[in-house]
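We begin with a single chain expressed as structure tokens, specifically the form predicted on its own.
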């Protein structure tokens, strides 16, 4: 079977960077491009980080398109520095990338790629969905040309991680999420309900670093601030593999329990701004607009992630 062709729309971000590693370590996937967006850090940093991580992986042939710097309506008041470090990728200190983004803005790049090969590209939005929403708005044919969206975002039965109600990616641009959720594009949603069941532990990092490789060291250095944040503010050792878990939709779908639901987003300015709401009781009488992951065999995914990182580390060793 041919690998699934994907573009990742991303705001790297520690767990975003780990997603790139997993994609390039997975033969089931062909990573064709990254499009960057504001989110965990500003879009200048997210673009720099995307290019730098690809260079670390000897994958500078993969295109990077720089995207939007601001959400549609929300003021800029969120910083991911405490979680992801000032650079966005912890203490990794990657050198400045030699490669440059493509000339097209990410919105136009997404439109061009989707329309060139309708039904061929699966898009993975793992940051705020501003780029995707604006592509939908700018080109009416875009929504029908994208094969599928696999989104990291939302909190369905769980609480939020940026407010008590809302998950970070959705809260950063709820109006964009609303456009995307109602676009008619087939959607698989990977919310906090499952990502918090996939914890990379300190002993996992020690195991990986038994291999002397720039990849294993990058994982260790990138997640150091990330793990410190979880220990200080959320009270556990380890870190959640939020964004990498999206790729399991392709490489290990049997790990998930999915349900089809109608899901909407609170775009008001109240206490639940950015909350994702699933109509479990079917009171709206509206048809399901996405497939939602509500359970996962979390430790099995972490083991899969580690095995792929070990293989990748051995392939790019000292």
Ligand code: RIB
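Numbering follows the first chain given and starts at 1. Computed from a predicted model, the values in this text were never measured in an experiment.
As for the form predicted in complex with this ligand, it is not shown, yet the points below apply to it.
S.K.: So which of 192, 215, 111, 227 reaches within 4.5 angstroms of this ligand in the predicted bound form, heavy atom to heavy atom?
M.R.: It is 192.
S.K.: Which residue, 223, 245, 126, 132, has a heavy atom that falls within 4.5 Å of this ligand in the predicted bound form?
M.R.: It is 126.
S.K.: Please identify, from 134 to 142, 197 to 205, 167 to 175, 115 to 123, the stretch that has a heavy atom within 4.5 Å of this ligand in the predicted bound form.
M.R.: Checking each option against the 4.5 Å cut-off leaves 167 to 175.
S.K.: Look up in the predicted bound form whether residue 152 has a non-hydrogen atom within 4.5 angstroms of this ligand, and give yes or no.
M.R.: Output for residue 152 is yes: heavy atoms within 4.5 Å of this ligand.
S.K.: Looking in the predicted bound form, any heavy atom of residue 99 within 4.5 Å of this ligand?
M.R.: The answer is no: residue 99 has no heavy atom within 4.5 Å of this ligand.
S.K.: I'd like to know if residue 183 sits close to this ligand in the predicted bound form, meaning any non-hydrogen atom pair within 4.5 angstroms.
M.R.: Contact check for residue 183: no, nothing within 4.5 Å of this ligand in the predicted bound form.
S.K.: Taking the shortest heavy atom distance, is residue 188 within 4.5 Å of this ligand in the predicted bound form?
M.R.: No, no contact at 4.5 Å.
S.K.: Mind listing which residues of 40 to 59 have a heavy atom within 4.5 Å of this ligand in the predicted bound form?
M.R.: Residue within 4.5 Å: 40 only.
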